[in-house]
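Just one chain follows, in the form predicted alone, and it is written as structure tokens.
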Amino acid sequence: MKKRGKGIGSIFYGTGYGNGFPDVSNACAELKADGKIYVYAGATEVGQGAKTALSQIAAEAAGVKLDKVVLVHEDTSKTPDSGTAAASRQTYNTGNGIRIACEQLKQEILSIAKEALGTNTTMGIKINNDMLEVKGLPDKKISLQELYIEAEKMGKTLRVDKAFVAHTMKMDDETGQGAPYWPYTFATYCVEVEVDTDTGKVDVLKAVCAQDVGRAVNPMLVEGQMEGGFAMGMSWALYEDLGLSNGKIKNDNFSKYIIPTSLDMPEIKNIIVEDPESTAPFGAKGIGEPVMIPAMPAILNAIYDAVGIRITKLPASQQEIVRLIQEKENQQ
């Protein structure tokens, strides 16, 4: 017999290392002779789209188009330490470091342009892709490449090094109270499952995922993370089992360590909730890990709704589901 159930899982998640642990992202922004903004950050790309999102943040902060930004990363001989690609911190922490550096570089670029263009203030100068123009006098302009040369003549290097330090405080050892993280991100996922009471097989049929992102720097990347995160959460809930016994892993290859395929994925509706965070780069929060977590309780709650059993150990294997169903029937 197959029975259907629905479940909801809600979470909140603190960004960064937390609990007072030093959490610093260093970044550098530099105008080079080719007229492009080079951004140096030790931010590792592990498939989350950091290269794209951080480049977009840099372009927005510097006031140039995306093709004028060159992101240099994952090279310790050239980049400052931006912290690990962990704790869902790169967009928020390193993004803030890059934003601060690029905003300061923009001001220095405008200051040089003021001298080169003969204006009495930087207020009337705007950056139009690779050109700096005087408002009201569109013919009075200088390219970023020419500006680089002017800066050299003045003996100035257009390079800015900045650091962003995240807000975190150690919790009280006695009470467990404190402000260990900032900011927090929130999510609520809803699923519908079908449980085969004879075999214990669970099929996730539909999912609706509402994810707080602060502000979506790149909505397509956000949706990709939401769907990838759901797949990982579903995998943890239903499939992945190391088979650890007496310190040995039994399921040590992918013929025994099961993960879902595209055919196991449900129909997913993504809801991106934008509520910009004032301390974040253009309002954006990190969502690397939060997108995975709510899938698990949502699926387990849906199994309970379908067949009335509580799963307290992951994964919810077919054998365990059948055992609990039979145990429940024997008690009735």
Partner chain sequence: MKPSITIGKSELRIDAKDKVTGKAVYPSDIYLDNMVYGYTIRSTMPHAEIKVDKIEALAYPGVIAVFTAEDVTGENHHGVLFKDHEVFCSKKVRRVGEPIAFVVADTMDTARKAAKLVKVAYNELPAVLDPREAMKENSPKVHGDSNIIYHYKLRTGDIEEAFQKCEVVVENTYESSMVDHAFLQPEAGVAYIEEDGTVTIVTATQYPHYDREEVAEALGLPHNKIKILTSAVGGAFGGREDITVQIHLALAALKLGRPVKTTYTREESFQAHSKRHPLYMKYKTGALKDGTLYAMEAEIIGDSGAHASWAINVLRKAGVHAAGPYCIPNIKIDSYAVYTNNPFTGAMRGFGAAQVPMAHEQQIDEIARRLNINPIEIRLKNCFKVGSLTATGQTLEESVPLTDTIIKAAKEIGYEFSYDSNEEVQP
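Positions refer to the first chain, counted from 1. It should be emphasised that the depicted structure is a prediction, and the values quoted were computed from it without experimental measurement.
There is another form of the same protein, the form predicted together with its partner chain; it is not shown, and what comes next is about it.
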Checking 249, 137, 149, 165 against its partner chain in the predicted bound form, the residue with a non-hydrogen atom inside 4.5 angstroms turns out to be 249
Contact with its partner chain in the predicted bound form, heavy atom within 4.5 Å, among 117, 216, 132, 105 goes to 216
Answer among 157-165, 137-145, 107-115, 205-213 for heavy atoms within 4.5 Å of its partner chain in the predicted bound form: the stretch 205-213
Consider residue 177 of the chain shown here, and say whether it contacts its partner chain in the predicted bound form, taking contact as heavy atoms within 4.5 Å.
-> yes
*Is residue 225 close enough to touch its partner chain in the predicted bound form, meaning at least one heavy atom pair within 4.5 Å?*
yes
Note to self: Is residue 38 near its partner chain? Define near as a heavy atom within 4.5 Å, in the predicted bound form.
What the structure shows: no
- prompt: Would residue 123 sit within 4.5 Å of its partner chain in the predicted bound form, counting heavy atoms only?
  reply: no
When its partner chain is considered in the predicted bound form, the residues of 180-206 having a heavy atom within 4.5 Å of it are 180, 181, 182, 184, 186, 187, 188, 190, 191, 192, 206
